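As structure tokens, one chain now follows by itself in the form predicted alone.
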């Protein structure tokens, strides 16, 4: 337990945390981060520096409360199909059950998405015997809509292997599209009623500009790289994501949870460290962005810490850009 949380200040410092997925359950905010390890392994575009092995769950009663670390809720050694690298997770609630969605490399070093379940938002979580059939890549995020339909969004370039799946099968030597071709989009699928399988083959989401033209692969200020997240505000679906190389959190909107989504702008300017990854949640009538940087490690990419800040919408529904270091 730590002192009460402050905006733009690490939520916890006793462990390294990243990729926070925040949800309101049972009147509290629960945060599902990845758990960075302090190690001396290689750093590369394949993401070998991100060697996470387990998940912790954090919670706060409100923003005047201390953070509770509920401890380890799932470890890679307890997941029958998984070999390594428990990267960014998300959680969802349906069927009176809490579901934890997570990526990991299978025994063939291919990223898949698994599911674990619990009767409590704080875990511990019990994994399914195998990954979701037909799943691939990283960064799952789940939206349970007002009609109780659930959608899973996922995908990440480079170490996230999304380029390898352009034909529908894994091609280890596949590269991304030409810089003047449409960028690869995240994938979306409706989940089955039991939340354990895809109801359909995942579809690629189209992200377009205001004129309806696809965002191109070379447009690194706006193109999708990883970390999709979808929330609803005033009947619009907001798809937000990391641009990767330019280190922005960008967003696009749609009236349809499967898109196409129209790019609207930037939510968060770059943080310290190579990655940026976030979630957006409403709590007690205000909206909050949870994100990470590398403050407590002075910029070491694989030793990150979760933070939060309030977000503001303009009257037209656009989101005001946040500078995480502006005093």
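Numbering follows the first chain given and starts at 1. Here the structure is a predicted model, which is why all the values come from computation and not from measurement.
A second form of this protein, the form predicted together with ligand FUB, is not displayed here; the remarks below concern that form.
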Handout entry: Proximity to ligand FUB in the predicted bound form (heavy atom, within 4.5 Å), stretch among 23-31, 254-262, 62-70, 271-279
Key = 271-279
Exercise for the section: Please pick, from 205, 74, 88, 142, the one residue with any non-hydrogen atom lying within 4.5 angstroms of ligand FUB in the predicted bound form. Expected result: 88
Problem - Option touching ligand FUB, based on a heavy atom within 4.5 Å in the predicted bound form, out of 100, 138, 249, 230 - result: 138
Problem - residue 50: touches ligand FUB in the predicted bound form, heavy atom cutoff 4.5 angstroms - result: yes
Practice task
Counting only non-hydrogen atoms and a 4.5 Å cut-off, give the residues of 290-311 close to ligand FUB in the predicted bound form.
Solution key: 292, 304
